[in-house]
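This document starts with one chain, in the form predicted alone, laid out as structure tokens.
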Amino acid sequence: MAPLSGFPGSGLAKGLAVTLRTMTKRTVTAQYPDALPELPPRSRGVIALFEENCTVCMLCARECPDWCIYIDSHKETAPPAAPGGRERSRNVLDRFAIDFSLCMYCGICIEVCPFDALFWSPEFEYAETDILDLTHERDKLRDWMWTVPAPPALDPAAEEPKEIAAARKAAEKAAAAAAAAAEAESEPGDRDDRDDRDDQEKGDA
């Protein structure tokens, strides 16, 4: 054990020195709620729902370690897309709720969602006086979706994502087909104009 160094009361002197140094510095107290904090973009404030992407696969509810996600749905039969086809059934979302009094903000539900229906939002002002009010339904989760920050830009040297490349090639193919169709429609008129000019030249000769 190292021997005690210094004179009696040295600890008190060091503490007073820290206090004196702090007294001379400018205060850094955040004047919340008058001045809102600047949160980093990846802050885990609350979970937002993009309802259009949800397919009711129940993967988020099954993987949640706290079982705080509640989902209800029903099946609807869709008519066939083409004559002679068969009808298809699809799940329709009736309820999507998260109990934030149980949620531990691990983010597993966001990571396992295969269709990008859940996102982190930096919103954090959703305290309630009653713990039962911390179960937020899909309407509230949808409102938080509009506070989700945009994803960071891709590295300029990175490869183009497969989804974007496929969409770009499909758009270029459709544009080329439209241009070819427009050219084909204009060719008969151009041919008739050339024939008229040839006939006129022959008549003049």
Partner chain sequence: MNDTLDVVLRLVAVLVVFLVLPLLVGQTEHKVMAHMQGRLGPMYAGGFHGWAQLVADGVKFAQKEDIVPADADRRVFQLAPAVALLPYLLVLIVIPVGPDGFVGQTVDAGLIFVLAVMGVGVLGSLMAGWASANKFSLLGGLRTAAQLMAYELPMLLTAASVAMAAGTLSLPGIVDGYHWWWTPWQLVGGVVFFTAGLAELQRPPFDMPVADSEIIFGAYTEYTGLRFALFLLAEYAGIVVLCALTTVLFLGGWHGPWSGSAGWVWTLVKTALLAFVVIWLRVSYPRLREDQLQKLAWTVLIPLSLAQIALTGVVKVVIS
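Numbering follows the first chain given and starts at 1. Computed from a prediction, not measured in an experiment: that's the story for all the values here.
Note that the form predicted together with the partner chain isn't included here; everything after this is about it.
The partner is not drawn, yet in the predicted bound form one stretch among 170-178, 29-37, 61-69, 145-153 has residues with heavy atoms inside 4.5 Å of the partner chain: 29-37. Remark: Thr19 counts among the residues lining the partner chain in the predicted bound form, judged by a heavy atom distance of 4.5 Å or less. In the predicted bound form, the partner chain lies farther than 4.5 Å from every heavy atom of Ala184.
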